[in-house]
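Take a look at this single chain in structure tokens; it is the form predicted alone.
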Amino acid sequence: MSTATAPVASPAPVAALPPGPRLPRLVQTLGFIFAPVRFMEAARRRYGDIVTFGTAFDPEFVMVFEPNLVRAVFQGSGDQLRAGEANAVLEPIVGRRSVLLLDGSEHLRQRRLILPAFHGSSLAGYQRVMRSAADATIDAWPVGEPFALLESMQWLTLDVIVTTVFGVEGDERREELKRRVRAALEPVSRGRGSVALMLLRGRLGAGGAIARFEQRRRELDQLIYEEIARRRVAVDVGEREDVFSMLLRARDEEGHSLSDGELRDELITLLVAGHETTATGLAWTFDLLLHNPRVLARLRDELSREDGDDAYLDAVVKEALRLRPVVPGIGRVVRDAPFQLGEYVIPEGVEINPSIAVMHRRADSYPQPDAFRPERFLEHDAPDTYTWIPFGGGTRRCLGASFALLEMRTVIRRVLERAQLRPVSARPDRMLRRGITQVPRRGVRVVLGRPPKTG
């Protein structure tokens, strides 16, 4: 007579962090502030494609530098890997009901309500606004005098966002909204913006830049809530094509609309994310073009052809975002249970950060990674969604990615059609960490050689 043996359950994986630098947190913090890519690359060479770091702001977090590991993070459950929690540092600016800060079913609800405004026919209708804003910006450039292209692009993209998202009528009200947006962002968009954001998140202190920020945010909120009240009773809200009106009309699966608070947070999110990052991407692209005559000459030639298409222009934009990613990294906080990532099991509460900056410089994905070579995006083995990640990925991929790419293509085309710019410096700008973004240190200073062409 035989006796059946009960199956033995496999032991649950033991949470364990990957290896990483044993340097004091202060030293690692300085590394991330002053030489982030070199610091991360050095750690990757020593410890591998998944490394544990610790800084003054986060004592223990994991960074990922390999496409398959990035895929695992992007495809992980949104309930377990929480991007909203990782974005909590943005709460003082965008508000706690922003789609950027939500997780799980709440995030999916908000995302479904917003997504239609940035795809299909809605997206195609915005190109006229982008072209018009580009023309107005070009016409305002001084001739023969150096100016900062970054600041110019900030006002251009803000004008586009105020028109396409808010649809605010009346020049005076439009200009006041733009002024308040720029004023609210200014205290946290300087070199120490990351520190200011962390202090705001913890509400530590109320002086200096933080006090100015909170006062200016209240002034911006006042205008936005006034506009929400005005728009809710507008008789033409059903016919308007701006994003604001679309969000007012949007209903979730249960027939519920966005509250005033939710509308405010989403509008601020679109204002901030939709203009600051695109402006920086445009400035970087022109900086790279103006310092790479071969690429600039080919792009001008491609754009001048009657039978041409936007393939090379699109490749230029993608290569610029690869070489100069505006946001260098993204995050997911592990919750509910440890998360298996490669050979390691990441404990609950630890944040996982796929590094956009390092991923975009892997020599096995990008031969000659320091070279500005748009042709790599036209080849048969062009980068894929896990090696080119300037907009993140998975269900958390940036909602405005298509909008941003369209705007960059439209503005670049119009500038090259009408203007002849030359760089002030013989070398491209160096990167400066400002808040959560990487901006040109000198703002990409250029000179317009002669008055722009008309038409």
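These numbers come from a predicted model, not from an experiment. Heads up: residue numbers just count along the shown sequence, starting at 1.
Note that the form predicted in complex with a small molecule isn't included here; everything after this is about it.
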Notebook entry, point to check: With the small molecule left out of view, which of Leu270, Leu150, Leu185, Val334 would have a heavy atom within 4.5 Å of it in the model of the complex?
Noted result: Leu270
Notebook entry, point to check: Of Asn353, Ser122, Gln80, Thr277, which residue is found within 4.5 angstroms of the small molecule in the model of the complex when only non-hydrogen atoms are counted?
Noted result: Thr277
Check: Does Phe391 make contact with the small molecule in the model of the complex, using a 4.5 Å heavy atom cut-off?
Finding: yes
Check: Can any non-hydrogen atom of Ser425 be found within 4.5 angstroms of the small molecule in the model of the complex?
Finding: no
Notebook entry, point to check: Is there any non-hydrogen atom of Cys398 lying within 4.5 Å of the small molecule in the model of the complex?
Noted result: yes
Notebook entry, point to check: Is there any non-hydrogen atom of Phe118 lying within 4.5 Å of the small molecule in the model of the complex?
Noted result: yes
Item checked: the small molecule in the model of the complex reached by all of His107, Arg111 and Ile330, non-hydrogen atom within 4.5 Å -> yes
Next item on the list: Please determine, with the chain shown alone, which of 256 to 264, 217 to 225, 358 to 366, 319 to 327 has non-hydrogen atoms within 4.5 Å of the small molecule in the model of the complex.
Entry: 319 to 327
